[in-house]
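Encoded as structure tokens, the following chain is the form predicted alone, with no partner shown.
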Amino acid sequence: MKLHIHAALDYDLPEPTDLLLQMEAAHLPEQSVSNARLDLSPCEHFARVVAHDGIGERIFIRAAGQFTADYHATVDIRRTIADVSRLRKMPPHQLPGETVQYLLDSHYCPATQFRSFVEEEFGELQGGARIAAMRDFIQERFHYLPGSSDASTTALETFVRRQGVCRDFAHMLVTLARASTIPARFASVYAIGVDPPDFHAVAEIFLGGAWHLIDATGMAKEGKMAKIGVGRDAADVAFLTSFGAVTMNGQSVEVTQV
């Protein structure tokens, strides 16, 4: 499947400010990027740096005044889709070293606080069957409500409130998976089916020796997502991180099938 992506940002920076931008689709074996163009307003510094786990790139920018970014790309998705419910969990001692960090708590994903809950709720299930049940649990018990959370909301708060947006749903699934000793990371993506259209967040779970994208909101399918980046949680893959005061004038995301 081919996706056409158009994303635009418009911010005001009252004084010279450092920004970390990550909004370009990653070049990966399972997705090829073509016709890519990123137009930025004038800035005094621009430098590309490798993103988390070597997936995609971040851009360090220093700018002042009005900052705009306009991104266009075509992404050809060639991802192999598996039935997650049939995949096995690898014992921790057999996991690749790079997955170990995704077993541990992170700022937004306090997994150790959920160990008793996952055993009580999902204890009879193993591996991918447990992950599928967790995904269904979140879709059925949590309410997708724009504006119901903010940048400080953790999975624990989402669990109590039973509502949130895509980043909260992704944090929830990542947390429950880690509480089951299954590596899980946060992925930022562009996807068809997201309502309202925006940068989207999903979980990526390590099962059967490979990573698999899972959208706990149920809005997007793995074969219709273009991956931007991954990390321990949303802090690692924000599309824009500001190291100073900023004001958003507007932003838009449009993803269509070619």
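Nothing here was measured: the structure is a model prediction, and the numbers come from that model. All residue numbers refer to positions in the sequence shown, first residue = 1.
A second form of this protein, the form predicted in complex with a further copy of the same chain, is not displayed here; the remarks below concern that form.
Residues Lys2, Ala26 and Gly223 are none of them found to lie within 4.5 Å of a further copy of the same chain in the predicted complex, as judged by heavy atom distances. Proximity of Arg161 to a further copy of the same chain in the predicted complex falls within the 4.5 Å heavy atom cutoff.
Contact check for Gly97: a heavy atom falls within 4.5 Å of a further copy of the same chain in the predicted complex. Using a 4.5 angstroms threshold between heavy atoms, Glu121 counts as touching a further copy of the same chain in the predicted complex. Of the heavy atoms in Gly244, some are within 4.5 Å of a further copy of the same chain in the predicted complex. Checked against a further copy of the same chain in the predicted complex, the candidates His72, Arg88, Arg78, His107 yield a single residue with a heavy atom inside 4.5 Å, and that residue is His107.
In short, of 190-198, 64-72, 208-216, 228-236 it is 228-236 that has heavy atoms within 4.5 Å of a further copy of the same chain in the predicted complex. The single residue of 127-142 lying near a further copy of the same chain in the predicted complex is Arg141, the criterion being any heavy atom within 4.5 Å.
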